[in-house]
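What follows is a single chain, given as structure tokens, in the form predicted on its own.
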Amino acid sequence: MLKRTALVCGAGGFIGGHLVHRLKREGFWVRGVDLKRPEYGETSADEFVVGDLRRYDLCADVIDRPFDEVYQLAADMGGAGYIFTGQHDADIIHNSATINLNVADLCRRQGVGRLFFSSSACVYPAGNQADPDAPNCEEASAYPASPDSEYGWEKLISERLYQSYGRNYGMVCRIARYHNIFGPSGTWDGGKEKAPAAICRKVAQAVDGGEIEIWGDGRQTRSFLYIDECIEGTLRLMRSGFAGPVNIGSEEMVSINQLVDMVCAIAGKRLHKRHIAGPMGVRGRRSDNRLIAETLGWQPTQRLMDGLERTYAWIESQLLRSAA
């Protein structure tokens, strides 16, 4: 019996690396491709190509057969410190759009079985997320469009790209809007890390009784989804009869100040929060899971605290290793 085959674009990244591990456990033959290999450990892909998916010839080399499943996670992205400063807007749009144009076209040419695209909660209008206590991230609310960043605009137009390929060429495309995915093996320093990892690092580095810096007033709210649940939701959507777009995220919303308090409790430290100017994004964001529950009969259930405990332990181990 022939093994099922999968291609993971962005396999050197956080979500992509975890996805490769899961697909291998399910018995797939997996090819991964990325600009770099995974930073925190070895890939479990059967074949890993280090290459630039902005190059059409490289894309043609890796999308060289009718894979059963292709996961397009590759993008120029990062946390608030990267996306919301405005300094990287041209790169974010150009790099990610070029990748998606290449992947969509070559998957069509090769007759790929199913194609997944990872969109983002950043597609939702900024005006829908001005109230930190009552953000609106229902899938239908993405239009009229007014995303909070160029990253969000690129994700939205790429959603339409894959939807168009589905309509015009009969391709099976699935689209998920990810909401703040976190967990071990994610970027935790260098400027592209997201809030949970950044706060875990700051708390781990701080001396008990000291202080840590927080961008803004800390009252901005978010929901954060642990990586294992992200992968589960992704695979369920990919193999379902529902195209999306659909949110994959948690409905457990906390303020950034509350997130800091949770990590401090895990670390057993009392720290003062010093609020400073910095990019914050929208005031409130929480996944609306009504559609995923209705269409897939599933939604995440894991508590934020459980995921934070595992993430903090992993980041603490990374700091100890780098200090050794």
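For clarity, every value in this text was computed on a predicted model and none was experimentally measured. Counting begins at 1, following the sequence as shown.
Just so it is clear, the following notes concern the form predicted together with ligand NAD, a form of the same protein that is not shown.
Of the residues 237, 198, 73, 92, just one reaches ligand NAD in the model of the complex with a heavy atom at 4.5 Å or closer; this is 73.
Among 283, 269, 54, 273, the residue placing a heavy atom within 4.5 Å of ligand NAD in the model of the complex is 54. Stretch-level contact analysis of 104-112, 162-170, 179-187, 133-141 against ligand NAD in the model of the complex, using heavy atoms and a 4.5 Å limit, identifies 179-187. In the model of the complex, residue 119 approaches ligand NAD with a heavy atom inside 4.5 Å.
At a distance threshold of 4.5 angstroms between non-hydrogen atoms, residue 288 is out of contact with ligand NAD in the model of the complex.
Using a 4.5 angstroms limit between non-hydrogen atoms, residue 16 touches ligand NAD in the model of the complex. Using a 4.5 Å cutoff between non-hydrogen atoms, residue 226 does not count as a contact of ligand NAD in the model of the complex.
Shown here without ligand NAD, the chain has 34, 35, 36, 51 in 34-51 lying with a heavy atom within 4.5 Å of that partner in the model of the complex.
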